[in-house]
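Listed next as structure tokens is one chain, alone, in the form predicted on its own.
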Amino acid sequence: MQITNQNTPDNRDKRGDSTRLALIQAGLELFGEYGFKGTTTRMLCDRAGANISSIPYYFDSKQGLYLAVMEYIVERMQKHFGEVRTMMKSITRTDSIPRDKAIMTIKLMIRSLAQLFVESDEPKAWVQLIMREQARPTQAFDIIYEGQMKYIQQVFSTLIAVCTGLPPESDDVKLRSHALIGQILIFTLSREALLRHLNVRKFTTEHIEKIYAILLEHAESCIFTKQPELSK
């Protein structure tokens, strides 16, 4: 009978990867719920089922784990937006994008963001952390912003500029971009309130399709501008 050595380097590496990921998942939940200061290393290790020495071993410190959690969020978001990134890779100037393609890409972006933040449960923990960082930005906010937020803002701004004819660096375009992103995130931030208002425990397929339709309807007000009326 062949006896397998359970302590081979490959097995140790797998256990190490598993422990590291468990600590990151624990950080997602606990940092979002209690904040950085309110979360202790003991709480993190207990939640992850890890030894107390695991945090300094894998991350150097609690701060290191906190930053690793932010990097994990960025990695997950980048993976989700892989299709859009590929589509936008060759776009460097507003004059290189046909208007119909810009409109199509805005719709794709909205649906992609909505799938992530409306349909999925995982981003609820992300949003808690991001909102804490929005209120009091730290080094961790730089990771989130530079890693993904900035890219999404730039893509929306470029596409909106194509659709409206406004300069992509104008405040008008940046504010419209922010409004588009914000209307999607609100469905995660206030999900529980909406579920109670709808008197359901979870969104149905019909709810989600209606949310998509409403998001696209609102997007049209950012894409299709009207000349402002002169006050009488």
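It should be emphasised that the depicted structure is a prediction, and the values quoted were computed from it without experimental measurement. The term rigid core refers to the maximal set of C-alpha atoms that superpose within 1.5 Å between the two forms. Numbers follow the displayed sequence, beginning with 1.
FYI, the form predicted together with a further copy of the same chain isn't displayed, but the following is about it.
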| query | finding |
| --- | --- |
| Candidate site I24, N51 and G82: all three near a further copy of the same chain in the predicted complex by heavy atom within 4.5 Å | no |
| 4.5 Å heavy atom contact, R132 and a further copy of the same chain in the predicted complex | yes |
| Proximity of P137 to a further copy of the same chain in the predicted complex, heavy atoms at 4.5 Å | yes |
| Contact of Y72 with a further copy of the same chain in the predicted complex (heavy atom, 4.5 Å) | no |
| Exercise: E192 in contact with a further copy of the same chain in the predicted complex, heavy atom 4.5 Å | yes |
| a further copy of the same chain: the contacting residue among A114, M149, I103, A125 in the predicted complex [heavy atom, 4.5 Å] | M149 |
| Sequence-ordered residues of 160-180 touching a further copy of the same chain in the predicted complex, heavy atom within 4.5 Å | D171, D172, K174, L175, R176, S177, H178, A179 |
| Core-superposed comparison between this form and the one not shown, V69 Cα displacement 2 Å or beyond | no |
| Cα displacement of L30 between this form and the one not shown reaching 2 Å, rigid core superposed | yes |
